[in-house]
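We begin with a single chain expressed as structure tokens, specifically the form predicted on its own.
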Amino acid sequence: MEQRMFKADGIVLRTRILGEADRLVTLLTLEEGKFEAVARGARKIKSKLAAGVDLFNYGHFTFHRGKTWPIITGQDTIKSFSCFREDPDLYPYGIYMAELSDRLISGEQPCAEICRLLLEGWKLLGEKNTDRFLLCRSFELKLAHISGYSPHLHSCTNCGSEKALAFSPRQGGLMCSCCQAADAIKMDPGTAAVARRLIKAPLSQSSLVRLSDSQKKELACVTAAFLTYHLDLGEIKSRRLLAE
């Protein structure tokens, strides 16, 4: 018989108003995957759950299985990334990583690796010397890799030629001039090399990479197109904030 009470360490990805005083919280947890839970009375000023179910919080949660959603009965904060709420320059990056992780995971599937990646990404965003642009590109590529959709970046996806100077989102990799598809995006060999490095290297090393402005535009265009096509993400609203 399924236990009525359970515990999980989770990240608050988003919240919405439910009824007069409650919140419906979307959690990404190490143990139970992604799911929604009700925080009763969380909108009341004196609520003990109010701060713990805010966006950008990581905590230890206790739940009771309700008829529709689990009900949060207790919460202890492990780490609050309040810097995203306090710094308008940081907020778009923090919310982008959260939205991307949220959209990538469709249901209650094991996602401990994604949880840890998101926590590390948020931690690095708050550090002074972090290149936020490259950190986001590294985060995108690693999410795709974890999901089993790494782009092919070593040679032409079709014929294997090493003289590949374009990337096809539909084909999922580089293409040479002879095989180039209609949707191909120009991709400098140096940009492809950086993308390969970002997939393999730890997130913390993303700021060590050096790219020209044109290469940054290529990398951003390629990763966005690849994620949209292969992971069926649709519109990522927080991308507009990053662009602005």
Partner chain sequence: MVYPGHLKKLVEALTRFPGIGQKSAQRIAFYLLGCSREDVVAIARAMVDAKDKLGFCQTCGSLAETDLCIYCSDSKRDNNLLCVVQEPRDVLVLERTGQYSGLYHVLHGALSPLDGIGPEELKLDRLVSRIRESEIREVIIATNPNVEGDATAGYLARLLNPLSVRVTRIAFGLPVGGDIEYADDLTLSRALDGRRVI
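Positions refer to the first chain, counted from 1. Since this is a predicted model, take the numbers as computed values, not measurements.
Not pictured, yet referred to below: the form predicted together with the partner chain.
- Tell me the stretch among 40 to 48, 199 to 207, 215 to 223, 58 to 66 that has any heavy atom within 4.5 angstroms of the partner chain in the predicted bound form. Contact criterion met by 40 to 48 only.
- Message: Counting any non-hydrogen atom inside 4.5 Å, which residue from 153, 144, 135, 95 sits next to the partner chain in the predicted bound form?
- Response: Residue within 4.5 Å of the partner: 95.
- Task: Go through 148, 88, 107, 160 and name the one with a heavy atom inside 4.5 Å of the partner chain in the predicted bound form.
- Result: Looking at the other structure, the residue within range turns out to be 88.
- Query: Hey, with the partner chain in the predicted bound form, do 23, 99 and 241 all fall inside the 4.5 Å heavy atom range?
  - Reply: Result yes, every residue of the spot touches the partner chain.
- Contact between residue 13 and the partner chain in the predicted bound form at 4.5 Å, heavy atoms? Output for residue 13 is yes: heavy atoms within 4.5 Å of the partner chain.
- Message: Check residue 237 for me: does it contact the partner chain in the predicted bound form (non-hydrogen atoms, 4.5 angstroms)?
- Response: Close contact exists here: in the predicted bound form, residue 237 approaches the partner chain to within 4.5 Å, heavy atoms only.
- Task: Please check if residue 32 has a heavy atom lying within 4.5 Å of any heavy atom of the partner chain in the predicted bound form.
- Result: It does not: once the partner chain is placed as it appears in the predicted bound form, residue 32 has no heavy atom within 4.5 Å of it.
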